[in-house]
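Below you'll find only one chain, the form predicted alone, shown as structure tokens.
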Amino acid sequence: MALNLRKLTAGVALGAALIVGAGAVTHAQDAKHSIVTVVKLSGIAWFNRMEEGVKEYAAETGHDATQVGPASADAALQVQMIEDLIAKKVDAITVVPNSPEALEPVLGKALDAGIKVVGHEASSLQNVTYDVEAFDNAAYGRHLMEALAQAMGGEGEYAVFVGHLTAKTHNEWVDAAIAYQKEKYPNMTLVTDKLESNEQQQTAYQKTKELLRTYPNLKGIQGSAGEDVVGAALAVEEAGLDGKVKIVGTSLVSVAGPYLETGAIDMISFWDPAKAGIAMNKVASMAIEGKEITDGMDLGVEGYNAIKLDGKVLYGQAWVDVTTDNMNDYDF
């Protein structure tokens, strides 16, 4: 009887252990990932749109996917935010850096803590699990310069804006654009070094006013940050030079639409920040789950259906061009 009782007790204990074990396995399989996207700057149209994508991803998957960003485009503030996320032990951080170089140490710390890191607009980042780019940056820069050259008739003086002199992608676009101009359009002249807008429309506006005073024969402006072309267009319109100074660059219809309609801006190009947000979060989830990412893979996000994998960097094919002819096709 005592033997049977011991057997029964052991059996109950084993059964309980199996139940607990099964529960643990089920919980692990059902566990939701905590993924936080850290953007350059909160409260501007570009990153508001990205947050829509992050929220959509969270709603579709049930993962705890959220977005944060500093009140000013400051790499030091991004570092502080990432330090806080490391302390909170999130599963993954996706980040759009103001300065990739400034974020390398803290992102290395995140990786050391077992946190997956996914970059965006930062193909030079080393301390990442992956970096997601909407397209090949040099090709995009050449594309923008071709559009500007066509608008300018292939000759005349022009200037270029970047959000920050430390912004990796902006500088890649502009460097490729300038090299393309020198090769293909020798009658065009860059009048000054890259101008820094700090991602702010007002800064681009003030610097364009200075440009127009200093270079009265200016014929073209290429913008990189989403607010650059709008600030430039406002200054050009105030000077009565709309149509005479051609403007192309990266922006959104919600930002640049009124100036496309008046003709002050000739063309904008962009990739959908919402889709980029979804793509980053998908890649982060795959990394958390140990899933392999391969060249040619379809991430299931428009523009990222046949990615090119180069080391840690994933390239999509996600840019679109917008003029007055198709601006009504986009509601963001």
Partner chain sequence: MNALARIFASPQGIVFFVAVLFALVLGLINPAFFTPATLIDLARNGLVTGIFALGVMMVLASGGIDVSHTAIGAFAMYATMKIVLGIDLDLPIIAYFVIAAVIGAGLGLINGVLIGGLGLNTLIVTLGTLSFFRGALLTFLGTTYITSVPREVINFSRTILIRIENAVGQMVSLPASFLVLVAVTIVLAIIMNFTVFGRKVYAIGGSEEAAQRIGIRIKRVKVMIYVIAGAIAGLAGMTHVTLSRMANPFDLVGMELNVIAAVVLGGARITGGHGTVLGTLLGVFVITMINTTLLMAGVPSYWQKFVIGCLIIVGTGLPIVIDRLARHRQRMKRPLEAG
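Since the structure is predicted, the reported quantities are computational estimates derived from the model, not experimental observations. Numbering follows the first chain given and starts at 1.
Keep in mind that the form predicted in complex with its partner chain is not shown, yet the notes after this line are about it.
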{"item": "Heavy atom within 4.5 Å of its partner chain in the model of the complex - the one residue of 139, 111, 102, 241 that qualifies", "value": "241"}
{"item": "One residue of 192, 126, 187, 150 in contact with its partner chain, assessed in the model of the complex (non-hydrogen atom, 4.5 angstroms)", "value": "192"}
{"item": "Option from 114-122, 205-213, 90-98, 128-136 whose residues, in the model of the complex, bring a heavy atom within 4.5 Å of its partner chain", "value": "205-213"}
{"item": "Non-hydrogen atom contact residue 286 with its partner chain in the model of the complex at 4.5 angstroms", "value": "no"}
{"item": "4.5 angstroms heavy atom contact with its partner chain in the model of the complex for residue 180", "value": "no"}
{"item": "Residue contact check: residue 80 to its partner chain in the model of the complex, 4.5 Å heavy atom", "value": "no"}
{"item": "Its partner chain contact at residue 154 in the model of the complex, heavy atom, 4.5 Å", "value": "no"}
{"item": "Site test, 276, 298 and 303 vs its partner chain in the model of the complex, non-hydrogen atom cutoff 4.5 Å", "value": "no"}
